[in-house]
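As structure tokens, one chain now follows by itself in the form predicted on its own.
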């Protein structure tokens, strides 16, 4: 459910982009809440995008469950939720733009051949895309399921600033090398899709988990290659379970219940270094989120890589 329209005065545009591979777990709620408060406290917009490109991982009913969970916790978005699966033409346009610059090449290297390597060694760089018939080549590559499409990266540093983790630098060639933008199964890679989606919807601020920090240099580089202005970044500590493993849908982390949203929100705020009143768990979700917007203090966010003290969710 979208919130009532409220005029904003050049505030940031944030977003939450869950994959519909299962219901939200507590770590997802923490990220969603932080992103929401970060935007709303600055009179900004907050968008929801369903990252459903990886169709084999999509589970029936997950999208509805995710949106219902956000609503139950009074994290109300602006506009209509979008889906990556509707954006294929824009991804193809971006691929053509990169091909026009001579940056794309077909790669037949298997994962097995790359095992143990810190970075892709450029084995297939000679297989540069033919610009005039890129679409035909893409169809051929997708048909034989043997070729991925990689973006050639320069041998240089890609600096960027994270507002919580501080100055960051990715050495593009050393830290992964040429990376895949179209998978051999024909699916657009996360790296390309997220950049296109954020740019098209005017996202100016990305607040998400620190597990995605290592890929941010690539995304910053891709924004530049496509002529976009990269958003500002803020990477939160990730939430760990009792085994000190990241909460994730792949790990079948328990879904959060919507029966007691204020309890969930109160715990999430504490993990985010905020200081809700002692009786906040007794408030309604609407009251607690309203208080959190008015009292959001980013300087109190913990900058550690992970929340070490987890409560057994």
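Positions refer to the first chain, counted from 1. Predicted model, so just to flag it, every value in this text is computed and none were measured.
As for the form predicted together with a small molecule, it is not shown, yet the points below apply to it.
The partner is absent here; in the predicted complex, the one residue of 73, 208, 150, 221 having a heavy atom within 4.5 Å of the small molecule is 208.
This chain is drawn without the small molecule; in the predicted complex, the residue among 172, 181, 194, 107 with a heavy atom within 4.5 Å of it is 194. Note on the interface: of 208 to 216, 75 to 83, 162 to 170, 117 to 125, the segment with non-hydrogen atoms within 4.5 angstroms of the small molecule in the predicted complex is 208 to 216. Although the partner is absent here, residue 228 sits far enough away that none of its heavy atoms falls within 4.5 Å of the small molecule in the predicted complex. Interface membership of residue 23, defined by any non-hydrogen atom within 4.5 Å of the small molecule in the predicted complex, is ruled out. Shown alone here, residue 289 lies farther than 4.5 Å from the small molecule in the predicted complex, counting heavy atoms only.
The small molecule in the predicted complex is approached by residue 190, whose closest heavy atom lies within 4.5 angstroms of it.
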